[in-house]
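First comes one chain, alone, set out as structure tokens in the form predicted on its own.
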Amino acid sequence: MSSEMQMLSAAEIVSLQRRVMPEFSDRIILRYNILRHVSHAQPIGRRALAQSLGESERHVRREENVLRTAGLLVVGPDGIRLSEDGEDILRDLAEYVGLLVGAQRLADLLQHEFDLERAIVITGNSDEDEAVKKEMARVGACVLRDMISDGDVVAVCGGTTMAELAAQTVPASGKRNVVVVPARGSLGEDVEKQADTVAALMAKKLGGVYRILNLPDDLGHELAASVAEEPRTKEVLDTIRQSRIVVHGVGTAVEMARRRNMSPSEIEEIASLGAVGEAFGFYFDRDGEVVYITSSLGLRVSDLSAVETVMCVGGGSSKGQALAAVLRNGFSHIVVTDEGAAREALGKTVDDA
């Protein structure tokens, strides 16, 4: 036997563990999910926790007792919370569980397949678990916070994921020389999800200032061209085009067409053109080619080549093909997604690797 012991990598240790004790992996993943759900919903009752996890209350009680004995959970009259140790271990456990379920492998495949600078895959499927979307948004907010420098202009899109990302942004301790702007006009949806609202909330969290367009995203071509020449609007649009960082979500083509209140004939046309994904008012087919363009104001795909960092944050298996279409166009540099979307986006590539 060699006198020098070869150290195993973390991935090799996890691989051995999966082979020797597969049941241990399931237990670790469940306990991680309990900690993650409590983190995003604390204080939370045991029954509500069990329902959100899709587990029996008896099963959750057993695991909760173990975590409480380990000092990771605190149970009070208002419900279950994470302890300080629980908060710390949750962050470390995320990377370990990522290796355990193959999320890191998916991230590596995404990065290679779509020529990205960085890919992060959150364990789970946000279509099935709201805590996954919150975690995806939290991680996206952390990545954004680390990228921002004084003097930056940051453009953000609207939508549920972007609204959650703004909500998950950790408030800055003081004022910063940062301007946050909407990347596009706002869709006719809940005010909380509109790009203007997301930009305003994010600016406040970051300690910066914001500029808003205060315009709908479904203006006709002629009206959009006319409004763009109005001095206040022109000033905001000029600021938007100075963005160093852009953060956007991703939607399926038909879903986004409906959110724009397009007519049935327009939706049918978009589908007939082979569109599967949408971003910035552009509709992409499976090859990442633009097949349909809306007339709204704000950033265009052609503007993104001058942007230093474009980050896509979005997940759910239902958006996997849309994510692949948008990433294949090549304007995004970083993606934060979940297992559900990553597996669908990669398709056969996951099995072939």
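Numbers follow the displayed sequence, beginning with 1. A quick note: this is a predicted structure, and the numbers were derived from the prediction, not measured.
Note that the form predicted in complex with the DNA isn't included here; everything after this is about it.
Novice: Which one of 170, 75, 191, 273 is close to the DNA in the predicted bound form, taking close to mean a heavy atom within 4.5 Å?
Specialist: It is 75.
Novice: Of 299-307, 283-291, 318-326, 48-56, which is the one stretch near the DNA in the predicted bound form, taking non-hydrogen atoms within 4.5 angstroms as near?
Specialist: Partner-contacting stretch among the options: 48-56.
Novice: Give a yes or no for residue 44: in the predicted bound form, does one of its heavy atoms lie within 4.5 Å of a heavy atom belonging to the DNA?
Specialist: Taking the distances in the predicted bound form, the answer for residue 44 is yes, it comes within 4.5 Å of the DNA.
Novice: Do residue 40 and the DNA share at least one heavy atom pair within 4.5 Å in the predicted bound form?
Specialist: Residue-level check for residue 40: no, no contact with the DNA.
Novice: Can you work out whether residue 206 and the DNA are in contact in the predicted bound form, taking contact to mean some heavy atom pair no more than 4.5 Å apart?
Specialist: Residue 206: no, not in contact with the DNA in the predicted bound form.
Novice: Does residue 179 reach the DNA in the predicted bound form if we count a contact as any heavy atom within 4.5 Å?
Specialist: So residue 179 does not count as contacting the DNA.
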